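Next up is one chain by itself, shown in structure tokens, the form predicted on its own.
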């Protein structure tokens, strides 16, 4: 009985999130000022009036003459929902090699069931704080993205900028090449792992834990490291 109620709860949450995503896409990215109630259709429809009423009761929607808008609170909730969804797409596309035609459904289920605030930030860091989903649509920026930008100015640099024998901790991997990202992950290049650059020429030789690797300039530039001791200019 308990399991059934959990499944129903998850399903209901999926419907609510789907409606927020529809509204965000039409209002924020489509430039509409409001959305006709009849256009808020999840899947094959019809309009889920109960779900719309729940979102209105939560203070996420305002409805006037069957035209729906997001409130400020609803706008922020929709922004976070879109961010989770597009990060999920990025994760399954880049890391798990899920085919494009299957990615939407898989990412949708992962987004609703698995992604919690802490996990969302870890995934964002793992992916190098991506700005676009695999379809080329913008991923709303999170707090972790702002922190990463600040840290870049202070002490996070590409591994190719480290001096010989300099140590640090891997902050994230940033590359638009999914094959390169998979290769680095297979090597254990993950955020939080300690790293020491042992040699810069003819290739970049470094250690992560007890493992030792050699990569070319391009790979070294994709690995961002938080320096243990910032270098003074």
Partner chain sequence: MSGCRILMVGNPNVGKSALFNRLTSSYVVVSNYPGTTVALSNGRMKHEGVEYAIVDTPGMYSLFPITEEERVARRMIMEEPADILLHVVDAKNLPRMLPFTLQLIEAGLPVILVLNIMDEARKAGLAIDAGALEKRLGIPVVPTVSISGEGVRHLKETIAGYRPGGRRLNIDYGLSVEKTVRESARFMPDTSFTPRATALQALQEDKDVLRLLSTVGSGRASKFFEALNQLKLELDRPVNYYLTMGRQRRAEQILADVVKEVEVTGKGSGAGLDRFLMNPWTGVPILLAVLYLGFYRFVGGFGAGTVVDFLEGHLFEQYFVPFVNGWAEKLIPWPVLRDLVANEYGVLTMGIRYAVAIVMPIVGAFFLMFSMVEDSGYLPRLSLLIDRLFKKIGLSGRAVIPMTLGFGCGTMATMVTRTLESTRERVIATVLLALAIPCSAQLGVIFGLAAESPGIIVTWIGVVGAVFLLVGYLIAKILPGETPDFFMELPPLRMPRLGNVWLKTSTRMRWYFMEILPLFLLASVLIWAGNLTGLFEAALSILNYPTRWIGLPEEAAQAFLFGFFRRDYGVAGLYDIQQGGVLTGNQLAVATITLTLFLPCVAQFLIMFKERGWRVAMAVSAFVFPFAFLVGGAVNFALNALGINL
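Model, not experiment: these values are computed from the prediction. Positions refer to the first chain, counted from 1. In this text, the rigid core denotes the largest set of C-alpha atoms whose superposition between the two forms falls within 1.5 Å.
What follows is about the form predicted together with its partner chain, which we do not show.
Of the residues given (167, 53, 63, 190), 190 alone sits with a heavy atom within 4.5 Å of its partner chain in the model of the complex. Here the chain stands alone, but in the model of the complex its contact with its partner chain, taken as any heavy atom within 4.5 Å, falls in 194 to 202 among 194 to 202, 53 to 61, 66 to 74, 32 to 40. Although the partner is absent from this view, residue 122 stays clear of its partner chain in the model of the complex, with no non-hydrogen atom inside 4.5 angstroms. Contact check for residue 26: every heavy atom lies farther than 4.5 Å from its partner chain in the model of the complex. Remark: residue 93 counts among the residues lining its partner chain in the model of the complex, judged by a heavy atom distance of 4.5 Å or less. By the criterion of a heavy atom within 4.5 Å, residue 216 is counted among the residues contacting its partner chain in the model of the complex.
Heavy atoms closer than or equal to 4.5 Å to its partner chain in the model of the complex belong, across 18 to 38, to no residue whatsoever. Once the rigid core is overlaid between the shown form and the other one, residue 184 counts among the residues whose Cα shifts by 2 Å or more. Residue 221: CA moves 2 Å or more between the shown form and the other one after rigid-core fitting. Core-superposed comparison between the shown form and the other one: CA of residue 70 displaced by less than 2 Å. Inter-residue distance, residue 185 to residue 91 (Cα): increased by at least 3 Å in the model of the complex versus the depicted form. Wider separation of the C-alpha atoms of residue 140 and residue 186, by 3 angstroms or more, is seen in the model of the complex than in the present form.
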